[in-house]
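Next up: just one chain, as structure tokens, the form predicted on its own.
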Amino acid sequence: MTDFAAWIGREQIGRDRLTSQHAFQWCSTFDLEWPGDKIMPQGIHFALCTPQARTDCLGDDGHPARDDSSDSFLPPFPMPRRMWASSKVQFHAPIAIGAVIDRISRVVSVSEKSGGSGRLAFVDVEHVTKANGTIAVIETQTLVYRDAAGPDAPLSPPPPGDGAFDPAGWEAIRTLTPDPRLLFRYSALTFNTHRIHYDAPYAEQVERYRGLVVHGPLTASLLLQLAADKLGENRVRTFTFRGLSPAIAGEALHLVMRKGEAGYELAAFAEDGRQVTQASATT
């Protein structure tokens, strides 16, 4: 039996450059104005130092395949379904167009457990991103691996209920409908080939989602943009987000923010009031 703890401490090094073209594509994807000072909005780090696996090295789900070799960065858990569950982000310095980007990614913890939904495996990966040699972003990302869904498993999330999103108590609200075009562009920006974001038959029949799934970091990027609209660009210093339920393409998404006791509370809700994402920020 493979000792997955042996993956703790493994590192992966990436190098990139934030070109004007990449910056323009990011701004175009989100309908943002071109930054006159050439300082990019927060969230751009999600699209830098992206995966470099060859196409013939991808698994059935579109993620880079994993094995027990020394070249495999992530452990080869037998559970095939992968989800970006949450992230804790520290913003140390803004990232300018033209910056040379270096990233060191390190596996910091690996754990497994069994629950009512079957076996689960968790991997925490720390990403230290530098821009022109200066630390810009430190992010600890939690990945979750789950057992395969049965062919007759209920689709997730359930069909929209009779409830409705309640805007009461939220100080800032933005509503939009992420559609397949936005998902495609975000997948392209982040070189994300996970099929749940663009292959509807796979998402529904294999992973048993009710439709194409909106990327977790896409929702996080939209929440960061809401914060920037209200607080100013590059004002957020810490940002955490956690996925609670899948957001489905073609369905309204309500992004909200309010002042809390220790900073700002942010969230995303479906039209029927189901909470999709929980987030917080400090300035």
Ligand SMILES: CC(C)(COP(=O)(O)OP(=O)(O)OC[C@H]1O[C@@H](n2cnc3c(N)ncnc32)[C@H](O)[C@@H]1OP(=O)(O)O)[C@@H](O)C(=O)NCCC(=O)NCCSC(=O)C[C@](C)(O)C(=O)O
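Note that the structure is predicted; figures quoted are calculated from it, not measured. Numbers follow the displayed sequence, beginning with 1.
Below, we turn to the form predicted together with the ligand, even though it does not appear here.
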Only hit among Arg210, Arg106, Arg103, Arg146 for heavy atom within 4.5 Å of the ligand in the predicted bound form is Arg146
As a check of understanding, the residue in Pro159, Gly115, Gly133, Gly169 with any heavy atom within 4.5 Å of the ligand in the predicted bound form should be identified as Gly115
| said: Contact with the ligand in the predicted bound form for Ser245, defined as at least one heavy atom pair within 4.5 Å: yes or no? | reply: yes
In the predicted bound form, is there a heavy atom of the ligand that lies within 4.5 Å of any heavy atom of His127, even though the partner is absent here? no
| Any of the heavy atoms of His215 lying within 4.5 Å of the ligand in the predicted bound form? | yes
Review point. Is Trp84 one of the residues lying within 4.5 Å of the ligand in the predicted bound form, judged by heavy atom distances?
Key: yes
Only one of 42-50, 215-223, 230-238, 250-258 has residues with a heavy atom within 4.5 Å of the ligand in the predicted bound form, and that stretch is 215-223
Contact test, all of Arg17, His92 and Ile138, partner the ligand in the predicted bound form, heavy atom 4.5 Å: no
Applying a 4.5 angstroms cut-off on non-hydrogen atoms, the residues of 185-199 near the ligand in the predicted bound form are Asn192, His194, Ile196, His197
